[in-house]
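So this first bit is one chain, no partners, the form predicted alone, shown in structure tokens.
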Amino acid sequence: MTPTLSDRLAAHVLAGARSLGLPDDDAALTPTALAAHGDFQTNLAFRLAKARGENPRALAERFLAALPNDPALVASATVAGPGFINFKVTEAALAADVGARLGDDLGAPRPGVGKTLVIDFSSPNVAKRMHIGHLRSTIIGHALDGMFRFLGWRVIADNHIGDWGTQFGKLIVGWDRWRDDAAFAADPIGELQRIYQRFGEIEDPDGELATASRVATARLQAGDPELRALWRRFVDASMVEFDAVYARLGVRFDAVLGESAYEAALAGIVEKLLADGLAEVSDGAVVVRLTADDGPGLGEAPFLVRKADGAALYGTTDLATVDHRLATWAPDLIAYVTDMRQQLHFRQLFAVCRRRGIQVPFQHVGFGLLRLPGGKTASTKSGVVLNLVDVLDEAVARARAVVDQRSDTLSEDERAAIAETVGVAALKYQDLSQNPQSDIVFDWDKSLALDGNTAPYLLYAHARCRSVLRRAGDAAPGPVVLVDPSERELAMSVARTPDVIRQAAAAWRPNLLCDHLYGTTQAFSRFWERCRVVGDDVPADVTASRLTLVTATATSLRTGLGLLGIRALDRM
């Protein structure tokens, strides 16, 4: 693996800090805002001066003088503003770095080797069709999965399916009263969803239907063979449809375990909490009382682990899930990708785990809501729903119309494959390119736009790179020589790709990678306008250099898109 330019510069900066007897734990290197000011900037001297009560610019000048001499890496280093230091790397160092980024692994360091991450995402409910509201957890989680794997982590992608609970009592009652066997045979999930929605429309919490559903739930959870068989039928039908949707999205899991998998452990967890003095009985229920010492706001409401009627809850199941993950995979980190509305629940869960002596760190990756026009959120129970499979079909249909207009030389099979890739990619990228914590209003035209900062724009840039390489024929890539400013800009964007992947993973924000890939694509467009790669009037050494740069660009785009769950195309 080849250290990145920022890694090499960080070592350079920290060596200077050590020579002055200053703390050397974080070089705080970032790209400069303007290329005219250099390539990288550090505010280390500024921060240390503030902490020590010294003049920031004076310390920065001392820091600059103490930096080791490395003419192979550093072309210039200057103090800027109130105490920042800007660096410009040498053309030779940048050119060599581009030559090291030609493989799919980008030749990048793997800081996660030896560590294990369990990441929980998607988690649809059985007997309900996946709707547009499920898209965010699924694709954000999958993108994070990809980035951590790239960084060397062993990743366990765990799909915690909602396959247990009171909704099955409702389905069982509705199944007996309203099912249409022919409709179920033709569309199992559609019929189950219709039954569930009908129950919700006429249910009275104190009425006969509600009572019947509670009795059915109790019989199911007690192990009634007939109801267990019916429940298994619902689960199996659901998984067939879920798997078809995941296949279209290019999403895979290492484990798919429903809430039912932890049923046998729930009673023991509650009794252990009571025995250890971590929980108490309150009005017949069992709760863990948290305090402000466990975290801001956590002393306002207890964490409920068993209801007064003896029923377990999501929190109980989540505790059992943590125990299973620790025993099975011994993770170094456990992450949950859910919407922001569940933030308090997970803060409580993590606090209870800490009280139980669990030292493994947890991360809740909260994301904003995906709303439909008019401000409503998708809900199967209310019938306000836009089915995900329908959205995917519409995305592909719209992409196909564009492909047919612009790619009339391609075969029918090629056009169909491109439309499927472009349509799904456009839908995914429109979401991933935004800060996960932001709410999104779903809009057909915006979600499926084919220009601007979109997946199709990035895919087209990659296809153009591949076209250039095909046209080059037998011409071989060679050492990079950066002459035109657009070549240097593109080379620096390629060189920064491994850094951005690390930053995006550390921040749990795939949109940072999207922003970088878009910037790389724009840099490639400027390079394309200014620099010919092949032609009789282009010297052979220039062609060789630019072929390496184009290859590195294609690799950077292909790898980055792949981490986002988007397959790059060679032709469009």
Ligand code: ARG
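Only a predicted model underlies this, so the values are computations on that prediction, with no experimental measurement involved. Residue numbers here begin at 1 and follow the sequence given.
The same protein also has a form predicted in complex with this ligand, omitted here; what follows describes it.
Mapping the unseen interface onto this chain, residue 488 falls outside it, with no heavy atom inside 4.5 Å of this ligand in the model of the complex.
Put simply, residue 303 is far from this ligand in the model of the complex: not one heavy atom of it is within 4.5 Å. In the model of the complex, this ligand sits within 4.5 Å of a heavy atom belonging to residue 342. Put simply, residue 294 is far from this ligand in the model of the complex: not one heavy atom of it is within 4.5 Å. A heavy atom within 4.5 Å of this ligand in the model of the complex is found for one listed residue only; from 129, 101, 466, 134, this is 134.
Checking 454, 86, 123, 260 against this ligand in the model of the complex, a heavy atom within 4.5 Å turns up for just one residue: 123.
Only one segment in the set 469 to 477, 142 to 150, 194 to 202, 333 to 341 has any non-hydrogen atom within 4.5 angstroms of this ligand in the model of the complex, and it is 333 to 341.
Residues 314, 318 of 311 to 328 are found to place at least one heavy atom within 4.5 Å of this ligand in the model of the complex.
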